[in-house]
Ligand SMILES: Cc1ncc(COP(=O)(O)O)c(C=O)c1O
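One chain comes next, on its own, written as structure tokens: the form predicted alone.
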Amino acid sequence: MKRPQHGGNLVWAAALAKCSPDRILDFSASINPLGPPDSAKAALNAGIEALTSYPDPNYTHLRSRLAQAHQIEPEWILPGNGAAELLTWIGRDLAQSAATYLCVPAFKDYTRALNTFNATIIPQPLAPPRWELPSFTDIPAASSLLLNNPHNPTGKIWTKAELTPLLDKFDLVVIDEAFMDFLGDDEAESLEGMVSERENLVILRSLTKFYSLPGLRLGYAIAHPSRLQRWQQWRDPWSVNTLADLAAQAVLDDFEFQQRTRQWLTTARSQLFNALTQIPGLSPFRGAANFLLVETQTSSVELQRQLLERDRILIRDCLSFPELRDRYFRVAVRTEAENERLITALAAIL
């Protein structure tokens, strides 16, 4: 079976571990272990009857609720079938540029979307341990930039002060903020508040990681209405299904779940980081999201294999990030008991 490009492929992992997929403890996909929230489950149950009708093609209520959350008009919001669907249309837009600068290592779907439309990609390496932004000097005219914040897979968070000058250097700047919800208001470094002032800025968000709903597929973009109208004309109708629409509206009002998640993450991430530093041969990087990148002195692929066969634990190898290759792996932050199980298994092997 072909090695997966993304985390969370439990069928592939179960084949190696010789067990059923539901026996795998998954640290490879960075999904909130506290969800799905009860508010989402209630909305899904109540929405079954609505499946007899087509979704609202304009997603009027969902866009209005998202707009309220971001204090912007609804026409500046476009929901999608996961952030991945919207990334495809972002790739089509970026391909119109003379060149797209891509900070690497980078999420594999970025190159997928860019290559689909034959975009010219100029990689910009990020160097450990600080993963600082490149200087971006001598940028050709009509160039674009694609990056995510917090950064995947390093967990690096760049400040608004670091990112804002880039809007003057590039014709189009796309910032994937898929993990920004995990940060509280006092920590978030989102540029969402600048979208209405800067037509060349696109913000991409995901609702599935924070609310533990990856199977529903729901993301959204915040951008100038003319750009979003163009994407709407490109894509298939009814991209977002009725249940995803209803669940999203429900979780946006679930402030108790949001607060509980952020409180859990602050403690659990710190504990996991400290425990990983105590294992010989491992060097974790501090991060702002719900995952940690770890440098290893041994093969991450071999370590992944042993964890699956011995303990039915799946970590994310970094082979899909060519700059990292076989000396790094990524782990999600999970519950205290699950994190302890990972640490015990890693220590036994290393």
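Don't overthink the numbering: it's just position in the shown sequence, from 1. Keep in mind it's a predicted model, so treat the numbers as computed, not measured.
Quick note: we don't show the form predicted in complex with the named molecule, though the next part is all about it.
> Just one of 105-113, 237-245, 125-133, 88-96 has heavy atoms within 4.5 Å of the named molecule in the predicted complex; which?
Replying inline: Partner-contacting stretch among the options: 105-113.
> Which of Ile72, Ile157, Leu265, Ala84 has a heavy atom within 4.5 Å of the named molecule in the predicted complex?
Replying inline: Spelling it out, the residue with a heavy atom inside the cut-off is Ala84.
> Among Ala221, Leu218, Met180, Leu272, which has at least one heavy atom within 4.5 Å of the named molecule in the predicted complex?
Replying inline: Result of the distance check: Leu218.
> Does Asn148 reach the named molecule in the predicted complex if we count a contact as any heavy atom within 4.5 Å?
Replying inline: Residue-level check for Asn148: yes, a contact with the named molecule.
>> Does any part of Thr261 reach within 4.5 Å of the named molecule in the predicted complex? Heavy atoms only, please.
In response: Flag for Thr261 set to no.
>> Contact with the named molecule in the predicted complex for Thr100, defined as at least one heavy atom pair within 4.5 Å: yes or no?
In response: Heavy-atom contact with the named molecule at 4.5 Å: absent for Thr100.
>> Is it the case that Ser206, even though its partner is missing from this view, gets within 4.5 Å of the named molecule in the predicted complex, heavy atoms only?
In response: Taking the distances in the predicted complex, the answer for Ser206 is yes, it comes within 4.5 Å of the named molecule.
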